[in-house]
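Before any questions on how it binds or moves, here is one chain, the form predicted alone, in structure tokens.
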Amino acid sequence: MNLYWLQSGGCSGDTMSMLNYEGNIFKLFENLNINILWHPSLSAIDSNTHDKLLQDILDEKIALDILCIEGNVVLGPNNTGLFDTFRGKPKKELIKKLSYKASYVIAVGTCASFGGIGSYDEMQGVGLQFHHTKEGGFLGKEFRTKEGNKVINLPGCPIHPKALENILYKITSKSPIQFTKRNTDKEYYNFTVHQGCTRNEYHEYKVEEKDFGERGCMFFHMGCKGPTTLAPCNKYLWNEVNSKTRAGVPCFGCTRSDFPQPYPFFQTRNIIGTPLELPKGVDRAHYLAYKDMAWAAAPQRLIKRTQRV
């Protein structure tokens, strides 16, 4: 299968993450029988050859099986798209043309999926088929590829290499993909960062920290979004070693459709000590009753923690 990777309005962080794949990235593509037509960090063809390649794709002389878009689609300034150009023309035009030629379109990272960084300012960044929580985005709610597929969203800032590996395997093996309401792969994005977090016991007893690198929970004061964010960071560890919460850093919620949040990180918004946003599946009445009792029942071994992570 032929794959073309286009970078749009972003920092190339998703590419850097992909290049940190725990195995051999070239062997992965080989095993999946994927032919990389173009990737800005892996391809070594001159601009004239690249232009001809693009024209052959658009003329359907070369099949485009998988189109990967990294970074959001830049509409600014004033919907012209001239903040991000390719050969003097708005890159958004090329993105749209290629999307209709592809069998599968993958939004690589949160920016491509939901808008992400640059979606709140004059850059006017939007996701391919979503703008934050609203379906539509750049290509529109009704967009389908030539094989009838919606855009596949793989959020993350950056994306975890395992998410890309999993979806490429499913595409190449023709395995069924179950989607969430945000067009993400339900198998990969159907549990929270909180699940598998090594600080869960501290969370249950409301033993909270106010500084980085300590052992307790970071949800109640430090803005950790682990209990509200669907991502497998504590299931598939980064570099098979660690995650933010295991290293003593609050989860940023980088796979969420509202990322980056328009309010301060590392602070938990609250009303008289009660977080405005509660963990998934927890209602406010039960939370208020439970947490007061939990702190009173906290074991001394948790309260007297002294080790740093």
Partner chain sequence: MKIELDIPLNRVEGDLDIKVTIHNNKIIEAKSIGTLYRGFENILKGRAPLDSLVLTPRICGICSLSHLLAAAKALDNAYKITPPPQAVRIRNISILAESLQSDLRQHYLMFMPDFTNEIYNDFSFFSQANSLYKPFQGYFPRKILEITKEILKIIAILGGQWPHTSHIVPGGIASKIYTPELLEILNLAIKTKEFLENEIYCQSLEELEKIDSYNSLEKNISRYPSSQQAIFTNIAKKTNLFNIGKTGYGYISYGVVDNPLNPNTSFIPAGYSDGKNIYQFNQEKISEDSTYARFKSDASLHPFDGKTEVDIEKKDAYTWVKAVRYDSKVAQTGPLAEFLMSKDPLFFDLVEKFGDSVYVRQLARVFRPAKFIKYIIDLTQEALRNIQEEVYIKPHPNKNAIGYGLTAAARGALGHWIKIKDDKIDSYQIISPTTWNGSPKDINGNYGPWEKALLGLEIKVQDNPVEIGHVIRSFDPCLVCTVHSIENKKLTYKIGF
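Residue numbers count along the first chain shown, from 1. Here the structure is a predicted model, which is why all the values come from computation and not from measurement.
Omitted from view is the form predicted together with its partner chain, to which the following refers.
> Only one of R284, K27, K61, R269 has a non-hydrogen atom within 4.5 angstroms of its partner chain in the predicted bound form; which is it?
Answer to the contact question: K27.
> Could you spot which one of L278, L32, L53, I36 gets a heavy atom to within 4.5 Å of its partner chain in the predicted bound form?
Selected residue: I36.
> Within 4.5 Å, heavy atoms only: does E147 come near its partner chain in the predicted bound form?
Looking in the predicted bound form, residue contacts with its partner chain do not include E147, since no heavy atom lies within 4.5 Å.
> Contact between K225 and its partner chain in the predicted bound form at 4.5 Å, heavy atoms?
Heavy-atom contact with its partner chain at 4.5 Å: absent for K225.
> Answer with yes or no whether R215 is in contact with its partner chain in the predicted bound form, where contact means some heavy atom within 4.5 Å.
The answer is yes: R215 has a heavy atom within 4.5 Å of its partner chain.
> With a 4.5 Å heavy atom cut-off, would you call Q261 a contact of its partner chain in the predicted bound form?
Looking in the predicted bound form, residue contacts with its partner chain include Q261, since a heavy atom lies within 4.5 Å.
> Which of 80 to 88, 175 to 183, 126 to 134, 99 to 107 has heavy atoms within 4.5 Å of its partner chain in the predicted bound form?
The contacting stretch here is 80 to 88.
> From first to last in sequence, which residues of 1 to 17 have any non-hydrogen atom within 4.5 angstroms of its partner chain in the predicted bound form?
Sequence-ordered list: Q7, S8, G9, G10, C11, S12, G13, M16, S17.
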